[in-house]
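To begin, one chain is listed below as structure tokens, in the form predicted on its own.
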């Protein structure tokens, strides 16, 4: 039986909130950078995980793709180990308080806090048609996502730290204007190393083509992509990101999924060529996700269970979020 909000408070554990945007199937870099940590956090924290579809629509989305991507992310998270008995898993748009608190926070957030952020500048520089309110306002909705649950810990990469800073500034301003309501948010920096593209090892792994390994890839597709991955000049298999970025990236993947230190892997392939190394790595990756593929196939055929998980998750999330929203509105003077 799932924990209630009261159970969570009684446990004394800190609350983690993390949002996963449904824009495409996650890839290996997403898994090692965020999802693997999210699964592990369930051991020590009270975890609330939202599939943040409201964030996804800040860029154009085809309706049928948004529906499918949201369903895919839910199935992936469940199959990878997000446990609805230990965590709350829900779809963001199923809890209306997210949008309402974001609007309230908009009323106290200076535009200057938002338009200075790197992601906004980068997005609009690449595509001027993305110069819209949703892109600018993304961090305010992110703040509402976190503070609705009085979460104090958020797993992020270093590139997201400016958004956490803004969230804390919004929380402080609300506390100053209306009384102490929110505690500071602490970033939980991921320990996983950055996973780079298999085709261009100086760029981060992406979700398409041979550049990345999607969680939707079959074992055969994984093997083909690893074998086609670019390598560096020479034949020595050693970790040196500066001199051998491609091989270093492959060694990182091997170490993360096998649990072996990179130094030990280097010794295993001393005197051997890239072909042996890549063949073995392909098998390591394919084997690592074998259980995931089987579990996901089961979930895909059990829509009743998955729908029940999301309905229960939305109800449990709303019970916490609505309480926070009611407190916020009362302090601001809304007629209750």
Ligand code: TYM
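Remember, predicted model here, so these are calculated numbers, not experimental data. Residue numbers count along the first chain shown, from 1.
There is also a form predicted in complex with tryptophanyl-5'AMP; it is not shown, and the following applies to it.
Within 4.5 Å of any heavy atom of tryptophanyl-5'AMP in the model of the complex lies no heavy atom of residue 15. Among heavy atoms of residue 52, some come within 4.5 Å of tryptophanyl-5'AMP in the model of the complex.
Interface membership of residue 21, defined by any non-hydrogen atom within 4.5 Å of tryptophanyl-5'AMP in the model of the complex, is confirmed. In the model of the complex, tryptophanyl-5'AMP sits within 4.5 Å of a heavy atom of residue 154. Per the 4.5 Å heavy atom criterion, tryptophanyl-5'AMP in the model of the complex is contacted by stretch 26-34, the sole one of 282-290, 264-272, 307-315, 26-34. Across the proposed site, 76, 150 and 186 without exception lack any heavy atom within 4.5 Å of tryptophanyl-5'AMP in the model of the complex.
A single residue from the set 238, 94, 193, 173 has any heavy atom within 4.5 angstroms of tryptophanyl-5'AMP in the model of the complex; that residue is 193. A single residue from the set 229, 142, 253, 101 has any heavy atom within 4.5 angstroms of tryptophanyl-5'AMP in the model of the complex; that residue is 142.
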